[in-house]
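One chain comes next, on its own, written as structure tokens: the form predicted alone.
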Amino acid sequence: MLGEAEPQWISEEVKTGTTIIAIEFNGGVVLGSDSRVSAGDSVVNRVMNKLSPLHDKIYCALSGSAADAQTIAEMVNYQLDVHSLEIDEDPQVRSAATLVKNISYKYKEELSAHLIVAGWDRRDGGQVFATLGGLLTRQPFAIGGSGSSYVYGFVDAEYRRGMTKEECQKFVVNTLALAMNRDGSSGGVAYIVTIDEHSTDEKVILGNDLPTFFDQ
């Protein structure tokens, strides 16, 4: 009827969730994410790969609105391809992160997304950048998404400078497994990407193969 207030669920913001992580090691980076896409209490996609390539040795981990994050990744991927042709060499990781930061800030009122950018280049080796809301900061590791709030204590306790590639891969898998167990908006399978000078390796770990902990 006229004059009646609209139901509360119509005006409520749809809550989304995820867990993403990236970490540097000497000579490269490891990125990881869960695969669950949620809208409120509903799971709308169980196996979305949230690790999106921006260039051959540069990836980003997506969180926030899936559509918004994918749009930013596609825009940066196109701009990096053009930039690479102009300079006739592979782009720097910082250049990719700066593009993400600029787009995130320019459209901060329209888009809801947080991307972690990580990769390897000849100038600075493995690098991880956080780009939240126009921020650009290089970090030895970065985590994001709703699941990150459950694992800050774990990553602070377990992270050590100078970890090997294998130790970083284990660190990422354990972090994702804990977050996916605690956070109802994170789950599915774990996607892992390892990037160094020689290769870019993608891996999928099924939920049944993730490590378990004492309360499971």
Partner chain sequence: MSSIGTGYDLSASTFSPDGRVFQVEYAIKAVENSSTAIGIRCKDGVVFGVEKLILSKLYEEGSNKRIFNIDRHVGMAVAGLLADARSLAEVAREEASNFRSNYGHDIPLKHLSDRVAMYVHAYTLYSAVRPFGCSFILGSYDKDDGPQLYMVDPSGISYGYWGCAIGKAKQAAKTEIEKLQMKDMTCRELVKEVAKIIYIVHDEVKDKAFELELSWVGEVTNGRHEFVPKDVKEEAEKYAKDSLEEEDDSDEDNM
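Owing to the predicted nature of the structure, the values given are computational and were not obtained by experimental measurement. Numbering follows the first chain given and starts at 1.
Although not depicted, the form predicted in complex with its partner chain is the subject of the following passage.
Shown alone here, Arg122 lies within 4.5 Å of its partner chain in the model of the complex, counting heavy atoms only. Its partner chain in the model of the complex comes within 4.5 Å of no heavy atom belonging to Val128.
In the model of the complex, its partner chain stays beyond 4.5 Å of every heavy atom belonging to Asn77. Put simply, Glu86 is close to its partner chain in the model of the complex: some heavy atom of it is within 4.5 Å. Highlighted residues Thr194, His198 and Thr200: none comes within 4.5 Å of its partner chain in the model of the complex, counting any heavy atom. Taking a 4.5 Å heavy atom cutoff to its partner chain in the model of the complex, the contacting residues in 80-103 are His83, Glu86, Ile87, Gln92, Arg94, Ser95, Thr98, Leu99, Asn102.
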